[in-house]
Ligand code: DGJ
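One chain comes next, on its own, written out as structure tokens in the form predicted alone.
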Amino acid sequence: MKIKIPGYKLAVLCAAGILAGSVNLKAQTVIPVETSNNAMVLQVAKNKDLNIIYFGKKLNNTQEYSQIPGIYKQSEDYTGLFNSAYTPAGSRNLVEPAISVTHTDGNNSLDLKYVSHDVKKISDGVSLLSIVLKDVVYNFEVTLYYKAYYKNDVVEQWSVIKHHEKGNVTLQKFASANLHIQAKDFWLTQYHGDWAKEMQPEESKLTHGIKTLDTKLGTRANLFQPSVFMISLNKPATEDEGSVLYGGLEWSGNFRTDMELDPQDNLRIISGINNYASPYELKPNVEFATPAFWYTFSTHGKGDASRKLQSWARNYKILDGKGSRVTLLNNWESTYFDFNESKLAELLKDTKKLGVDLFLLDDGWFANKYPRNSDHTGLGDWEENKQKLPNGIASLIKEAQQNEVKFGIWVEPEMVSPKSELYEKHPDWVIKQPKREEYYFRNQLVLDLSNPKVQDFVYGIIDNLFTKNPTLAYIKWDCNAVIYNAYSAHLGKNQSQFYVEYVRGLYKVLERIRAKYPTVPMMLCSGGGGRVDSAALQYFTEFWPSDNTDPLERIFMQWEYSYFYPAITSSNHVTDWGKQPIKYRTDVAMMGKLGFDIVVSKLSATDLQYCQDAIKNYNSFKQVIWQGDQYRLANPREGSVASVMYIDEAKSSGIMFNYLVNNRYDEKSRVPIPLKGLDAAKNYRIREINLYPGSKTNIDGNKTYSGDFLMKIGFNPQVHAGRTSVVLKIDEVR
């Protein structure tokens, strides 16, 4: 008998027969975690160890999973733990553990055994499996959770740790997930970078030993390395071919992912909060919940995996992922800190003239004793600067309303300037070593969000803005500093809990904000991509990929971000960075949530006309970009042309962006680019849009092509030095 639940399958199998409703521990119980196409299969061994016996494409016959272990004839596993579902340290384990503890009596051993499991339907297509493991000597237990999103082939995995010992137990390592995968070879795609150089990919073959992806920055954790990665099985996956696993941790602080080829040449992936400087004292009867680790798997290449992940994010993880977004004009690159009410009034008029929805006032609007006229002062003193804004934010919002646009504002509430009233009044709220020299990142320090009083203060910054200005329509939340000299006056002797409690404190603040202001759009900004993860994005509608807005650079960055995040989350602004014309810059920014950070009054008449027309075009098809399926057609790292396409669910309307990314002589789109995602049986017309005023296109928009032709032969956008950016509208001929 097989228990079937929509969106999830749980089968209880044993060697002697098939059981339902009970578990026979003398046999080997098998628990498949299945989605639409994939399976990760757990097995309870005769000694009650919980092991992973399969990861990959699911079988048609669930009962055959129990036969998988007998097919492999690998070298001996002396421990019986190489394929453990949650590897404990200190007993018989010889590989990297998922969990390591020091008990109340000082003992470091742990041996987790299966006790029970349960499955619950969360919603249509989403179910949750929980498995309880307990140590055989100590009163210590771990519950493993597997949340399966059936349609999207995504699984979230996390653990909840607790004990009933007579004193505190120290968690030395506390991973969220422990995977075990079998293949001939494994190829890792990871990302690195720095400010203005985010999301730089590297691919390498995994060899024996442990490859660790981690960060120890505390805040802005993704500055040097994000937690997302890809693993190709057997050979490097391409856009449309190959087996590939995507993974990432839902945590906005220090993370750690270990990738270990074990002595049997199988891959073990262990991911969770970084235990660096963080042995965690866990009191009796208190639960420690680890953040979720998400993963998806595809046997049809990177593109298929990314579309599943984007759909999952829109439907389940991103705040208002199925909703809409506002276009905006930001003042930062046009004024920096140098502005006043009259300057902003002109920019508000420009906002309406341009045709966007909202004006965003950036850094520099606050502080009086130490005015925020540079990034050296005032951070933390969140009252309007009386010299710049004598009539306050309210007058600007009124001015915006008169210009028929919305008003948004920048904050950086987690940080403090050493030269500020906040620092003078509450030095104990600041993260710093009490007897050491202060080190500044961007001339600032970080507030201690492990302290409930600081949490109240940060929440109050946002709450006060909305209380005084109920029609405030947008928040840009920045986080520019990393944590130097980590020390919390609030935690006292419990410093090893600081890095964990800081992030928990941040989430508490964001939960309170969203409970009171559930729909206000908020941009997650952190010097660029310093805090882009699926946990933070549950509270934000969008993120800022990079302070580098050079459109040529952004093509490469946005390409890599799109493997993991949908276009609706990517804030792309048109600025003066780069040498490309306004058309190129605007077209690139359209591949996501469009915004502008330019001096509108300095645009030529034709540049302004182009921008106004482009915004109207964008408003007509932005839902296809935000909610449609994305197909990467021509990789900028592999040729002179980059091409990306979005198509709606009905396969009736699409947008194709094409760019020249090589300025060498006579580089162009020499051959047709095969399209993807169309209906082979339908007919389509392709016309060029977003033309610069006065220019003409050579593309005949009256011709008709079958979807079959466009996907097998392709279409040439005629990109060359005279046409460096070409946007094509694809429509079904009815």
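If you're wondering where the values come from, they're calculated on a predicted model, not measured in any experiment. In this text, residue numbers run from 1 along the sequence as written.
Here the subject shifts to the form predicted in complex with the named molecule, a form of this protein not shown in this document.
Within this chain, W251 is remote from the site of the named molecule in the predicted bound form, having no heavy atom within 4.5 Å. Y584 falls outside the set of residues with a heavy atom inside 4.5 Å of the named molecule in the predicted bound form.
A residue is said to contact a partner when one of its heavy atoms sits within 4.5 Å of a partner heavy atom; W332 meets this definition for the named molecule in the predicted bound form. Using a 4.5 angstroms threshold between heavy atoms, D153 stays clear of the named molecule in the predicted bound form. Just one of G528, P291, P551, P88 comes within 4.5 Å of the named molecule in the predicted bound form, counting any heavy atom, and that one is G528. In summary, among the residues Y539, W410, F186, F224, the only one with a non-hydrogen atom within 4.5 Å of the named molecule in the predicted bound form is W410. Residues within 4.5 angstroms of the named molecule in the predicted bound form, judged by any non-hydrogen atom, belong to 358 to 366 and to none of the other stretches in 650 to 658, 358 to 366, 559 to 567, 491 to 499. Although the named molecule is not shown here, in the predicted bound form the stretch 547 to 562 places heavy atoms of just one residue, D547, within 4.5 Å of it.
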